[in-house]
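Take a look at this single chain in structure tokens; it is the form predicted on its own.
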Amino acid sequence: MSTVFPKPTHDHGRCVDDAMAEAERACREGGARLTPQRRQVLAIVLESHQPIGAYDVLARMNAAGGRTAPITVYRALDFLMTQGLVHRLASRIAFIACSLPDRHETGGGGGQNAQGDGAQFLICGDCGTVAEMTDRRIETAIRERARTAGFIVSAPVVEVEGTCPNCAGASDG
């Protein structure tokens, strides 16, 4: 059985390095600039596969005595969302790095807010890990049902809470 969740033993350093290289490539190809502050915010979001709030990002930026303003973090997060590098999880009021940047509809080097393209998120209620997937059938079903109700969908994002295979396996033994 294939899983979209990272194994606890995966090489997270390589995971982060690959994501940063993809971010650099996407911004370069889209004509956008990944500034040092934007890069720092992305690196903080990439620290784990768990969502992080904007004020937690700010606290990490200021941990070494910095004086970054909240608006700086929000602007960086907005940029990263526009580029399709970060998603906002409404149920958590937090952000998660995009793990499928080349599977999203793009507009200027990334996603159209990276939310309007039908992403689905599986959120483990036990460990907090978030896995991203895209299934066009789910997006299509949402749009079709909404259309029959006279509703125009702008962001067919689905957040599903449950138990990841890592935690489910831990409870089996």
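In this text, rigid core is short for the largest set of C-alphas that superpose within 1.5 Å between two forms. As the structure is a prediction and not an experimental result, all values here were calculated from the model. One rule holds for the numbers: they count along the sequence shown, beginning at 1.
There is another form of the same protein, the form predicted in complex with a further copy of the same chain; it is not shown, and what comes next is about it.
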- Tell me whether A26, L34 and M61, taken together, all sit within 4.5 Å of a further copy of the same chain in the predicted bound form, counting heavy atoms only. no
- Query: Which one, 43-51, 66-74, 26-34, 136-144, holds residues whose non-hydrogen atoms are within 4.5 Å of a further copy of the same chain in the predicted bound form?
  - Reply: 136-144
- Does a further copy of the same chain get within 4.5 angstroms of any non-hydrogen atom of I152 in the predicted bound form? yes
- Query: Can V160 be called a contact residue for a further copy of the same chain in the predicted bound form at 4.5 Å between heavy atoms?
  - Reply: yes
- Query: Though the partner is not shown here, which residues of 80-98 have a heavy atom within 4.5 Å of a further copy of the same chain in the predicted bound form?
  - Reply: A90, S91
- Query: Once you line up the core, how about R28: does its CA shift reach 2 Å between the shown form and the other one?
  - Reply: no
- Task: Would you say whether V153 is displaced between the shown form and the other one, judging by a C-alpha shift of 2 Å or more on the superposed rigid core?
- Result: yes
